[in-house]
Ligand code: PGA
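Before any questions on binding or motion, here is one chain by itself as structure tokens, the form predicted alone.
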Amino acid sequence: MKSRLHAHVGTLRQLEILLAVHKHGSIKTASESLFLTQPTVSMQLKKLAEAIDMPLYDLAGRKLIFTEAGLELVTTATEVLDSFARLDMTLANMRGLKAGTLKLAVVTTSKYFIPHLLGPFCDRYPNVNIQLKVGNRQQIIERLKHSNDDFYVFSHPPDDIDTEQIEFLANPLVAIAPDGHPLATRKRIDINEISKQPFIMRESGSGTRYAIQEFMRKNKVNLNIRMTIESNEAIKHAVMSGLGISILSAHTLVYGGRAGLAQLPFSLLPIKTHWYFVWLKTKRPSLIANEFLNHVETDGRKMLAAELQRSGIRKRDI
């Protein structure tokens, strides 16, 4: 029997309002983002709830918690609006244009090279609008779960979410110290000596921290963590100030600068990881997303790999 639910569920604008409230977790914040009044947002949600004859969310104090029915409607609303976005880009393509919006969510360290990847692509398709979100690994995983974006960039993609992914670029993690540090004059340092040095670590939820911890656990090495810092740039300045040594992605040095820093030749380093472009298996890519993925796998990959080698990273280390 053909479903007639679509005749009752409401307008596309109501679905947009629903997704905004789900994203922000607050009617107040959602109304501000949509430039609507709170009563207007509440009324539209009430109409949606009446249309499906089930509540969309419950309130626990000030916290808004979506019901199972509400989450199902969020999933459907996402699919419906994604379909219209694809239609918009298909029609633009039929007119001989490459237009639309490309949404990327990337972990913090990849922000160093992503702009270099986007530059040539935007030159080729000047009518494309780019939305770029940057966060730590846990924040980007949450965006992936809700399918907020076209692609996600990780050094360690989650293994408990059904995704498609491509290995894109080497991400060697190197040890750094301030110029003039006693260890910087040595040609080879046993990895166990790292435990004698005060160490500056990335925060919990960081992909870099995850890789370092797994590497040290595997090699039975203990770190003497003096400080935990959320920013790669802040870590570099802390190292330059003599507060300790650290391990960071080589990309933070290639694109963020390495003045005042020396790379330490610890045995077993660099830690060899890779960057991945990831997307949900259930999300059908738009035309512009497919164009970007093709750019990533061809010109983009070659360009960034060459830049990494020009920076002095040995080919065998990537």
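A residue's number is simply how far along the shown sequence it sits, counting from 1. Quick caveat: nothing in here was measured; it's all calculated off a predicted structure.
FYI, the form predicted in complex with 2-phosphoglycolic acid (PGA) isn't displayed, but the following is about it.
Taking the partner from elsewhere, no residue among Q14, H22 and Q44 has a non-hydrogen atom within 4.5 angstroms of 2-phosphoglycolic acid (PGA) in the predicted complex. For the chain shown alone, K236 is not a contact residue for 2-phosphoglycolic acid (PGA) in the predicted complex, no non-hydrogen atom being within 4.5 angstroms. Although the partner is absent here, V107 lies within 4.5 Å of 2-phosphoglycolic acid (PGA) in the predicted complex, judged by heavy atoms.
Within this chain, G207 lines the site of 2-phosphoglycolic acid (PGA) in the predicted complex, having a heavy atom no more than 4.5 Å away. Although the partner is absent here, N136 is a contact residue: one of its heavy atoms lies within 4.5 angstroms of 2-phosphoglycolic acid (PGA) in the predicted complex. Partner contact region in the predicted complex: 108-116, out of 143-151, 108-116, 190-198, 81-89, criterion any non-hydrogen atom within 4.5 Å of 2-phosphoglycolic acid (PGA).
Within 4.5 angstroms of 2-phosphoglycolic acid (PGA) in the predicted complex, the stretch 158-186 places a non-hydrogen atom from N171 alone.
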